[in-house]
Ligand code: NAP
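What follows is one chain in structure tokens, specifically the form predicted alone.
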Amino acid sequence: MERVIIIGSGPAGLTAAVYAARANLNPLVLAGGLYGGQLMLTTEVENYPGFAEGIMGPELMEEFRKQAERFGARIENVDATSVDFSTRPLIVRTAEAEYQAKIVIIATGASARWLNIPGEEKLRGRGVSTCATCDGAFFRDKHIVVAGGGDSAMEEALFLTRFGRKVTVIHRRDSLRASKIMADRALANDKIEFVWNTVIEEVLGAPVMTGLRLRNVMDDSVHDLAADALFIAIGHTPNTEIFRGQIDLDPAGYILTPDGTATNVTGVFVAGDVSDLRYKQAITAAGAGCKAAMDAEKYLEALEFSMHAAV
């Protein structure tokens, strides 16, 4: 029987682990085979408070992990494969074991959607990114490309005009899917150009990105575009597949939180991008992890007091 199981090991999960461990809850963190969340895919992180010179994403997550372990969190690099929240205690399963817990904190994050084209993976962090807030400042006075046509793509494009000398939006259709206000803002911005009815076939360059191979979907013509950076803004997928049918999700698959970090299932709390459609930053995820652990501690305190009182 575990008092607290934390599923996930990005900024939200490991911050929850720090707070839960310091509260003597002896948390077990199921970190996943690839721990650390989306920061493991980034190079330099310049906007996390406390690191004036910036820090590499994987290095930052290693520091999170060491801090959690220093206070007694137990971290296992295994994936949760299923859960059963219909019973008490709560059940979390991995490929090798079944755990029982009084509290579960879900911090499984969300995964940025990628284009899955040649050169994309090789050049991640070398010109290819999914986070303008994280990486835009690296491309001052450069030609920046944004892939996408929704609100998030327009937000990224508008934000990137602060840095790039030119921002080109590439969209597979002939009109934007973004809301009218966001579309109008982007279309009215002199620094933003649009390439319609076009898809990106390949990211070019080595060791850093130098351009893109584009294909017009109307006539199948192909041409190369010189550019320094590609920001992919085609949405995120919350990592909630194992929770379907166990907990309330919104239509996009994000976990709903009717009260703070608490979910609709008693004893199950949530933190970070798995329930955050809006901010998706390491600092906001870490803050949510703190809140989830504090809420869990209060819940557990009340639960154990009532159990002792009943005895």
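Just so we're on the same page, rigid core means the largest C-alpha set that superposes within 1.5 Å between forms. Owing to the predicted nature of the structure, the values given are computational and were not obtained by experimental measurement. Numbering starts at 1 and follows the sequence shown.
Keep in mind that the form predicted together with the ligand is not shown, yet the notes after this line are about it.
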The one residue among 164, 127, 148, 119 placing a heavy atom within 4.5 Å of the ligand in the predicted bound form is 148
Using a 4.5 Å heavy atom cut-off, which residue among 102, 171, 191, 143 comes into contact with the ligand in the predicted bound form?
171
Let me test this: is every residue among 244, 264 and 291 within 4.5 Å of the ligand in the predicted bound form, going by heavy atom positions?
no
Among 272-280, 24-32, 255-263, 54-62, the stretch whose residues bring a heavy atom within 4.5 Å of the ligand in the predicted bound form is 272-280
Answer with yes or no whether residue 94 is in contact with the ligand in the predicted bound form, where contact means some heavy atom within 4.5 Å.
no
Using 4.5 Å between non-hydrogen atoms, is residue 233 touching the ligand in the predicted bound form?
yes
Considering only heavy atoms, tell me if residue 195 and the ligand come within 4.5 Å of each other in the predicted bound form.
no
Within a 4.5 Å heavy atom cut-off, is residue 152 in contact with the ligand in the predicted bound form?
yes
Contact set, 176-195 vs the ligand in the predicted bound form - heavy atom within 4.5 angstroms
177, 182
Rigid core superposition, residue 240 Cα moves 2 angstroms or more between the shown form and the other one
no
Honestly, after the rigid core fit, is residue 155 moving at least 2 Å at Cα between the shown form and the other one?
yes
Relative to what we see here, could you say if residue 254 and residue 158 have their Cα atoms closer or farther apart in the predicted bound form, with a change of 3 Å or more?
farther
Where do residue 156 and residue 254 end up in the predicted bound form, Cα atoms closer or farther than shown, with a change of 3 Å or more?
farther
